[in-house]
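In structure tokens, one chain follows: the form predicted on its own.
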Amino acid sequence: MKNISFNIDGRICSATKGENLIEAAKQNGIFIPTLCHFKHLNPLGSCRVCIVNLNGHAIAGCSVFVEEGMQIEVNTPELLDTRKAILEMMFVEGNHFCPSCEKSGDCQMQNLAYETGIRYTRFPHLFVDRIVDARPERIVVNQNRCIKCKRCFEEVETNDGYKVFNFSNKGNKTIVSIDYEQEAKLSETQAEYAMKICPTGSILVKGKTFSKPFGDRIFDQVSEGKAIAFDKINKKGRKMRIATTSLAGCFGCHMSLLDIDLGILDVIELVEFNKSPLTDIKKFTQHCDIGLVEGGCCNTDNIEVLRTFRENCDVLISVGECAIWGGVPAIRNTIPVEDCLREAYLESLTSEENETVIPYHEDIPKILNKVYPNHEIVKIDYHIPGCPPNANHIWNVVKNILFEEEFSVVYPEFKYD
């Protein structure tokens, strides 16, 4: 086979003529992300994450076979942002609740989101309620997590050559369907392979979930935590003021905020807390430099508190998954509010007889139709993802804003779960 030369981002590369661009780029030390490509398969071109410019035209990189003299762009600012937007759309189109997903840490889509630095999505989450199919013999298929990459179509078949997965319906109603008769023929190894090649948590094997602890998952990279070293420069000539609050969340982000051990002694020399559960100050007594908000908005009181923080803080930061997109509380967004209230108060197994009443009083905040991320209510300046975020991550962001220090977040600290 003939070797040819081609150009990627101004760099001369070489590969065998006709080789797939994803593999050819890899051989030259250039990574092109993809969620559907398999080396031994014909191009699927379904996820579009591998978008590149070929001779000035945008195209899925996995569908390109290298030829002499090709001019290819991979990492221009426009392509990086487009790739990021495609991933964001995948997250909002499905219900990808990373903190509660069995494949979190082993999920290729989640890892690409880390690699591209997605802290929040520019698009609103759809919260569509799709089927979770547990009828098959060995597997469970969660349509909420499926990105329709077609890997399972091409890779999973019985020993006698029959396909197990295929598409049903058309347009935005398309789902991956299962041939139950053929699925029952899969061996345990074949079923586990189906789970492995799925780039999300859509395909799970019954009885095989949660098999790896944190730190042992594919995309975990464990490293020793770094101590927080504060550069004690106060450019305003006073202690910086911080306010915190918890909306529709679990208070875990506040617990993480304090999880810096003796580092708290450095913190109190540089900052003072105003309105916060940590100080029990109920109302703002001074304007604050930074407001840290955990939890999203599920009722009218949450909205009022959030707007008060926006008015009284120069910089407002959403901390944790619940604040950024609703998180675990937003699981109810796929269900009508009426059904949630009925299940919680009228039809609950724990309700006592004749005590099934939905509470109502003018002092009780009114529940919203869904849980809203904070940036849909007010302007948010920074987002710190995680459930909860690592303490180092939180304080590095605060230091960066207050003291204009450069910082980087080590890989294990940038998580959604």
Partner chain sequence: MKRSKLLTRLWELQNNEGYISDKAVLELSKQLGVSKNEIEGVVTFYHFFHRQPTGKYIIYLNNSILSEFKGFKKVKAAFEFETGCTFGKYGQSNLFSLFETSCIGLSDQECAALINFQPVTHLTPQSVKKIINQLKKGVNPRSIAHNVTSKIQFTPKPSKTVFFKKYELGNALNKLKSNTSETILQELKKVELAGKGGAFFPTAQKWEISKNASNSEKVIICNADEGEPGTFKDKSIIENLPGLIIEGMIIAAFVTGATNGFIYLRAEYSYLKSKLENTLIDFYHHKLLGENCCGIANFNFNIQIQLGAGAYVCGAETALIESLEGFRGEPRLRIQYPTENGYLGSSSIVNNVETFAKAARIIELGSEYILKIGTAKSKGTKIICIAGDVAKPGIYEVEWGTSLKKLLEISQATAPYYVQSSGPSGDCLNESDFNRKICKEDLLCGGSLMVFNRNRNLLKILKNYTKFFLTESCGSCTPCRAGNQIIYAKIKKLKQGICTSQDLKEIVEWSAIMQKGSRCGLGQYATNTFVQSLAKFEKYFDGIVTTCAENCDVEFDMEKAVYDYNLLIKNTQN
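The term rigid core refers to the maximal set of C-alpha atoms that superpose within 1.5 Å between the two forms. Residue numbers count along the first chain shown, from 1. Being a predicted model, the structure only gives us computed values, none of them experimental.
Here the subject shifts to the form predicted together with the partner chain, a form of this protein not shown in this document.
Peer 1: Counting non-hydrogen atoms within 4.5 angstroms of the partner chain in the model of the complex, say which of Thr285, Asn169, Asn159, Thr189 makes the cut.
Peer 2: By the 4.5 Å heavy-atom cutoff, the listed residue in contact is Asn169.
Peer 1: Select from the listed residues Val315, Leu270, Leu341, Ile197 the one whose heavy atoms reach within 4.5 Å of the partner chain in the model of the complex.
Peer 2: Partner contact (heavy atom, 4.5 Å) among the options: Leu341.
Peer 1: In terms of non-hydrogen atoms within 4.5 angstroms, which of the given stretches 251 to 259, 274 to 282, 126 to 134, 323 to 331 touches the partner chain in the model of the complex?
Peer 2: This holds for exactly one stretch, 126 to 134.
Peer 1: Do all of Arg48, Ala85 and Pro359 end up near the partner chain in the model of the complex, with near meaning a heavy atom within 4.5 Å?
Peer 2: Yes, the whole candidate spot contacts the partner chain.
Peer 1: May I ask you to state whether Asp266 is within 4.5 Å of the partner chain in the model of the complex, using heavy atom distances?
Peer 2: Answer no; every heavy atom of Asp266 is more than 4.5 Å from the partner chain in the model of the complex.
Peer 1: Within a 4.5 Å heavy atom cut-off, is Met90 in contact with the partner chain in the model of the complex?
Peer 2: Although the partner chain is absent here, Met90 would touch it in the model of the complex, with heavy atoms inside 4.5 Å.
Peer 1: Does Asp179 reach the partner chain in the model of the complex, with heavy atoms at most 4.5 Å apart?
Peer 2: Judged by the heavy-atom cut-off of 4.5 Å, Asp179 is in contact with the partner chain in the model of the complex.
Peer 1: Find out whether any non-hydrogen atom of Glu347 is located within 4.5 angstroms of the partner chain in the model of the complex, and reply yes or no.
Peer 2: Contact with the partner chain, no.
Peer 1: Can you tell me which residues in 281 to 319 come within 4.5 angstroms of the partner chain in the model of the complex, by heavy atoms?
Peer 2: Going through 281 to 319 in order - heavy atoms within 4.5 Å of the partner chain in the model of the complex - the hits are Thr300, Ile303, Arg307.
Peer 1: Using a superposition on the rigid core, decide whether the Cα position of Glu68 changes by 2 angstroms or more between the shown form and the other one.
Peer 2: No, the C-alpha moves less than 2 Å.
Peer 1: If the two forms are fitted on the core, does Thr356 show a Cα displacement reaching 2 angstroms between the shown form and the other one?
Peer 2: Yes, Thr356 moves 2 Å or more.
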